[in-house]
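Listed next as structure tokens is one chain, alone, in the form predicted alone.
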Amino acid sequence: MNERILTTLRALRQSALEKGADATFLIHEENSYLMRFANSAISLNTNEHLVRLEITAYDGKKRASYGMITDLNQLNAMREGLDTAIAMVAHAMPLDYQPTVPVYTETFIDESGYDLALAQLSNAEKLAYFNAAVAHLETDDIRLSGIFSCGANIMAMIGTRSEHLQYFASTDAQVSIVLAHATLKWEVTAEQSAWRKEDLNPAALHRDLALLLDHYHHDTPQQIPLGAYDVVFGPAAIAEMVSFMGWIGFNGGLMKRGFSFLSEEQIGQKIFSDQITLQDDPGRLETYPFKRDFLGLPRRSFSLFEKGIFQAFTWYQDDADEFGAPASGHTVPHTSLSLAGGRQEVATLAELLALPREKDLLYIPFLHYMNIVNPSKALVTGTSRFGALLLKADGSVVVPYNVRLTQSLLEIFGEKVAWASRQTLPYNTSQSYGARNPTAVVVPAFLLVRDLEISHSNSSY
């Protein structure tokens, strides 16, 4: 535990009390490391240590925030930031509602998701991981690219209304490996997410990359016809689609603003297949969870869909204040979404290819440039990339050029769901921009959906 952070927060709180200010303070410390590969060589190896301070001042219905990148040795500069926030709130326009100010009833320290071995992972260990994952797979034509991103994250907060504080520490790693053909321009990928060092498994990536390379080298590439296909989605595609539900589905504030395919009248109604059970589960350490929200509310497993039946909206505290909704404990930088596994015993790509099949199956592991077409209809679009395969009913395999899906999530997760893998795994959805916010979604290894229309089929890679 970083005692310097706790000491700094207490000092800032005391300064605010002496000034008669009503304020909250959040310190975010990150240690971030990035090793990037391009053209089968390390193209970037960097790290940064950043400390951010966010100060929010309150005055009735007025609120103003001031953020700064600072140093724990710069307490006087932080106090100047407090003065700035106090000056800002005096000139702020009042809100139309009374914002809730955090009042922590007890001090909460959570380091359950912090792994010292991962936090201290060396450059030599990262390079050894990559070398093991792609051993004997690179050639003059097959070139390596990818990233190994890892780091440690601390977020701590205090307010003037209570002497108690909250402190969260976590570690994370995100690995993405791409092998691309220099002249044919196809690409295959394998990825891994970890919150502790022991979860890093380069052999699993090597297994999948070797299998994909074998098919991309030896099977026939072709433009596949438009029409309906039985589609098997891989974990990357499943996780991205589930993540989109957090924006255009069960987010209460966005629903009230008309940016959701769900309504309050649909709570308790069947929306998806009975094979779809989705929770926000902060007990899953592989999702880098927050076990309290930033208002101090305990976060326990929160049911979103139970066997396809919609259970509840999530509410960020500010949206709950604005729209008069009950707080749900979701004032956090990210949730811990977990889609339950099904009954199909298929955990690896090799096992998927070995399944007997009565029809052709289009395997789409990754949806590229996924975006929203119509939020009220849950309509999204994206193209296949990085290792798609057409598994023919006769047992052969075809390498398809990229195809585009433009479908409603209501259809993808609806009654067309045939099966989901019993085995689940975390897929890392962390973004590379802004403050470090490690995020992962737990999903089944594979999900088979019947009769989805392909809206476009490329004539080349």
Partner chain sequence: MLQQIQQQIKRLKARGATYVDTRWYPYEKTDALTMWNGNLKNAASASESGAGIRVLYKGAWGFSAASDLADLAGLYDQAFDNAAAAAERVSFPVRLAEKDALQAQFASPCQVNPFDVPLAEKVAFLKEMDARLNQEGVFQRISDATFVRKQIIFVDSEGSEIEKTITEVFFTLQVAGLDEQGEMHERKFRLGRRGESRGWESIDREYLSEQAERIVREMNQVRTAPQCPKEERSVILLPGIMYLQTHETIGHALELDRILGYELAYAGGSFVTLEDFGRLRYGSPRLTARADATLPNSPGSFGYDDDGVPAQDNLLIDKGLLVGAITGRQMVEEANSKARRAIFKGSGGANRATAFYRVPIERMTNINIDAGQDGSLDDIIRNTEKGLMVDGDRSWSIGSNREQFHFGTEIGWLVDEGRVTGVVKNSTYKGDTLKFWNSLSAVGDSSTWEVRFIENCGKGQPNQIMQLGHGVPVCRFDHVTIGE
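Residue numbers count along the first chain shown, from 1. This one's a predicted model, so the numbers in the text were calculated from it and none came from an experiment.
One more form of this protein should be noted, the form predicted together with the partner chain, which is absent from this view; the next part is about it.
Undergrad: Do A393 and the partner chain share at least one heavy atom pair within 4.5 Å in the predicted complex?
TA: No, A393 stays farther than 4.5 Å from the partner chain in the predicted complex.
Undergrad: Quick check on S301: any heavy atom within 4.5 Å of the partner chain in the predicted complex?
TA: Outside the cut-off, so no.
Undergrad: Hey, in the predicted complex, does S455 get a heavy atom within 4.5 angstroms of the partner chain?
TA: Because a heavy atom of S455 falls inside 4.5 Å of the partner chain in the predicted complex, the answer is yes.
Undergrad: So, in the predicted complex, is G258 in contact with the partner chain at a 4.5 angstroms heavy atom limit?
TA: Looking in the predicted complex, residue contacts with the partner chain include G258, since a heavy atom lies within 4.5 Å.
Undergrad: Which of 352-360, 208-216, 137-145, 283-291 has heavy atoms within 4.5 Å of the partner chain in the predicted complex?
TA: Careful reading of the contacts points to 137-145.
Undergrad: Just one of A228, V373, A203, A117 has a heavy atom within 4.5 Å of the partner chain in the predicted complex. Which one?
TA: When the partner chain is considered in the predicted complex, the option within 4.5 Å is V373.
Undergrad: Which residue, K377, R161, K270, K197, has a heavy atom that falls within 4.5 Å of the partner chain in the predicted complex?
TA: Here the answer is residue option K377.
Undergrad: Quick one: which residues from 394-410 get a non-hydrogen atom within 4.5 Å of the partner chain in the predicted complex?
TA: Those in contact are N402, R404, T406.
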